[in-house]
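Take a look at this one chain, the form predicted alone, written out in structure tokens.
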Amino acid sequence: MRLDILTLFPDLFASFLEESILGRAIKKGLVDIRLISIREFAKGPHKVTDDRPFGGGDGMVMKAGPIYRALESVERERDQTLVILLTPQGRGFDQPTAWELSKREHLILICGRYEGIDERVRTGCVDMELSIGDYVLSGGELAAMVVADAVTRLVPGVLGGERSNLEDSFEDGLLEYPHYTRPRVFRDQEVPGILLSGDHEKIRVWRRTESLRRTLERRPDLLRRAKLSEEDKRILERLEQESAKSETGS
């Protein structure tokens, strides 16, 4: 997979692209990430990339010209390249979207700054708009890192274990179960005995139960669209009954 990231601040990505799983994936040639400095495509001696908005108002707006020229410098195949604008107005980024994007051979991410970008960039060359949440950031660089990390870890071979990404939170619509490692007792907190039992079926049921419990307690909204088996539904019914009893004190 190839990702081209258009940004005014390419240096922000230095450590991100060198460390951890993504850094190893790049070294192995599984992922190719290229940084394109929008400022290099601005005209004039001062390389100005922003200007005051027509109609007045506070702040500055990124000019269309440098972004268009930066995009035009990127080699791409029409059917396989997707141009994405990181913007608070975009579609919410989630795990199904990450899987959808991971099937593409080439993504181009545009990082906005200031009050936003000239609307003619969005209408003229953007295929998809993405938002990573309902809050304000200084620019699209952090959002681009989130999207790049979530998508590239789904590329075959990037993660060590075949099931690593399938067992993560949100993969089946639920939050992940608790994890424990050595030592067995840490500051008077002991690992649940069932995880030490060696009974794989009991461990599986415990993990599924805890996954459902966490989702019910912390993100019940996820249950409405999760793919639940008949076993899951029985476990949830029991958990809801336990919760009701706890609230009534009976």
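From a predicted model like this one, the values you see are computed outputs, not experimental measurements. One rule holds for the numbers: they count along the sequence shown, beginning at 1.
Below: the form predicted in complex with adenine, not depicted.
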Interface stretch in the predicted complex with adenine - options 115 to 123, 81 to 89, 97 to 105, 172 to 180, non-hydrogen atom within 4.5 Å: 81 to 89
Heavy atom within 4.5 Å of adenine in the predicted complex - the one residue of Leu71, Ile132, Ala148, Leu154 that qualifies: Ile132
Adenine contact at Val158 in the predicted complex, heavy atom, 4.5 Å: no
Residue contact check: Met128 to adenine in the predicted complex, 4.5 Å heavy atom: no
Contact flag, Ala143 vs adenine in the predicted complex, heavy atom cut 4.5 Å: yes
Heavy atom within 4.5 Å of adenine in the predicted complex - qualifying residues of 1 to 33: none
